[in-house]
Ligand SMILES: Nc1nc2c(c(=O)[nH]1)N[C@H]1C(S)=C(S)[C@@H](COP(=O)(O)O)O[C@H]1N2
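Listed next as structure tokens is one chain, alone, in the form predicted alone.
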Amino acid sequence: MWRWLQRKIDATLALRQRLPPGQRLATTLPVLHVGPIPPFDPPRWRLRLFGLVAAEAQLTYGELTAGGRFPVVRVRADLHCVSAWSVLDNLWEGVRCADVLAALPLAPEARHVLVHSANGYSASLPLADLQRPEVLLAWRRNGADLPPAHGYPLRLVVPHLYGWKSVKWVCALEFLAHERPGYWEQRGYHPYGDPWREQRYA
């Protein structure tokens, strides 16, 4: 009896250590987004890479996904929403942003990225954060294609920041010398958004 109770206490403590301050555990992934779900036309879809680059580039969906130019990887990571819920142990599948960026000649002054969604939403991130190995352009979660409401055909996954940075329906990466606020940053959210420091609002 006491061993069972101790294991339960240990498991509870371990779970609390994985939740950033102010977060509660969610068992399913809630649907939250700004604007409508955009349509997906595979033959015409492109990921646009522009701004402070040697030459603007566009990638087809086939070039990004399985059998394309970049290795497909899986990353197990937690997702923390600024609205105070967290979903643990998501298994994301996609390509590393770092691999995509390595194939793109960036201008030396590029330091920030504005990530654009196909429905007009955007979020700003430092370039260095997109280059972290756990940051993905993903199209699958837990062994299945993402539902459109969760970002299919392509979602940015930035596990170390609040979920509003994990832009759904990514269609473009714009490289900048200085930070340009995205949708929520313009509305008072923190420019960086570290959940462990509770950077919810500016």
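All figures in this text were calculated on a predicted structure; none of them were measured in a lab. When you see a residue number, it is the position in the sequence shown, counting from 1.
The next section is about a form of this same protein that is not shown, the form predicted in complex with the named molecule.
Residue 119 belongs to the set of residues with a heavy atom inside 4.5 Å of the named molecule in the predicted bound form. Contact annotation: residue 140 falls outside 4.5 Å of the named molecule in the predicted bound form, judged by heavy atom distances. Although the partner is absent here, residue 32 lies within 4.5 Å of the named molecule in the predicted bound form, judged by heavy atoms. By the criterion of a heavy atom within 4.5 Å, residue 72 is excluded from the residues contacting the named molecule in the predicted bound form. Listed residues 114, 100, 130, 79 were compared with the named molecule in the predicted bound form; 79 is the one with a heavy atom within 4.5 Å.
The partner is absent here, but in the predicted bound form a heavy atom of 149, alone among 149, 171, 66, 177, sits within 4.5 Å of the named molecule. With the named molecule omitted here, the record of contacts in the predicted bound form names 24-32 of 45-53, 130-138, 58-66, 24-32, defined by a heavy atom within 4.5 Å.
Residues of 154-177 placing a heavy atom within 4.5 Å of the named molecule in the predicted bound form, in sequence order: 155, 163, 164, 166, 167, 168, 169.
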